[in-house]
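Coming up is one lone chain in structure tokens, specifically the form predicted alone.
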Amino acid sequence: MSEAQSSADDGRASDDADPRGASRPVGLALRLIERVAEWQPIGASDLARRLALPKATVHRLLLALETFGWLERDGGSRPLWSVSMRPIAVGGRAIERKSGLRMAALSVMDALRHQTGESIHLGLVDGENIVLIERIDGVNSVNIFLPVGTSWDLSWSSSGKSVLAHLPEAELASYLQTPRYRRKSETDIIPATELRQELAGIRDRGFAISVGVPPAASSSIGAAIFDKRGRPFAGLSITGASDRLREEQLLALAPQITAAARRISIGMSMD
């Protein structure tokens, strides 16, 4: 049974008891937006097959979401569906209302891009994940293009690990209770003691690095951003092609990434 089928079945089983069940219209609509964003552009039949849902149900929801401006389509009788700009507008307003992070970070990110020639990523913590909310592209190659809205487990990126390293002990212990898989692996679990030891080193030096495997991957160096209470809630990273940014080159960027993250943190504390 597929993950989508299992999820759909679980939603149907809990539908009567839980108004948030996945097969409720609102829940289905939200799932549809998320999956279209992940797989776009995608046809209704393919979407229905992947979600293990009736095509008529998917088609009805697609039309409703188009009417309200959340989805758009290209083509005639067999259109391909994509997410509109509306989620970006809504998400942008939500981010600014929540933190003002982008406004505090944009000028610092732009200066960092000019200093290094590399791409600069800004991520905001969302539960146990970090979500890319802003990206300024550098002149140098990056190998992997990450669209705004991309989300990873905190343990999968340099900026996420920097946040983890500065969490209060009780929160870190709670996070480590759940098994964490190495990035792009569904079987290789990171031993909690190994991850804790790595995070201790990151906390001591103030930054984390992630060295990709050339020629296809990217490497990055990241640092945590703190709010006015001194809590890590976001991360900043410098990212570039791994055939150019090896460990030595990343370590040379440490003073710049830590200074930039500190400037943003100071800006957040002045709200």
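A residue's number is simply how far along the shown sequence it sits, counting from 1. Rigid core: the largest C-alpha set superposing within 1.5 Å between the two forms. Predicted model only: the values in this text are computed from it and were never measured.
Omitted from view is the form predicted in complex with the DNA, to which the following refers.
The candidate spot formed by 24, 60 and 73 lies fully in contact with the DNA in the model of the complex, as each residue has a heavy atom within 4.5 Å of it. In the model of the complex, the DNA stays beyond 4.5 Å of every heavy atom belonging to residue 69. When contacts are judged by a 4.5 Å heavy atom cut-off, residue 40 does not count as touching the DNA in the model of the complex. In the model of the complex, the DNA stays beyond 4.5 Å of every heavy atom belonging to residue 177.
The DNA in the model of the complex is not approached by residue 217, whose heavy atoms all lie more than 4.5 angstroms from it. Only one listed stretch (149-157, 116-124, 163-171, 74-82) carries heavy atoms within 4.5 Å of the DNA in the model of the complex, and that stretch is 74-82. Think of it this way: in the model of the complex, the DNA has a heavy atom of just one of 205, 246, 228, 49 within 4.5 Å, and the residue is 49.
Although the DNA is not shown here, in the model of the complex the stretch 28-62 places heavy atoms of 28, 43, 44, 45, 49, 54, 55, 56, 57, 59, 60 within 4.5 Å of it, in sequence order. Once the rigid core is overlaid between the shown form and the other one, residue 74 counts among the residues whose Cα shifts by 2 Å or more. In the model of the complex, the Cα positions of residue 48 and residue 148 lie at least 3 Å farther from each other than in the form displayed.
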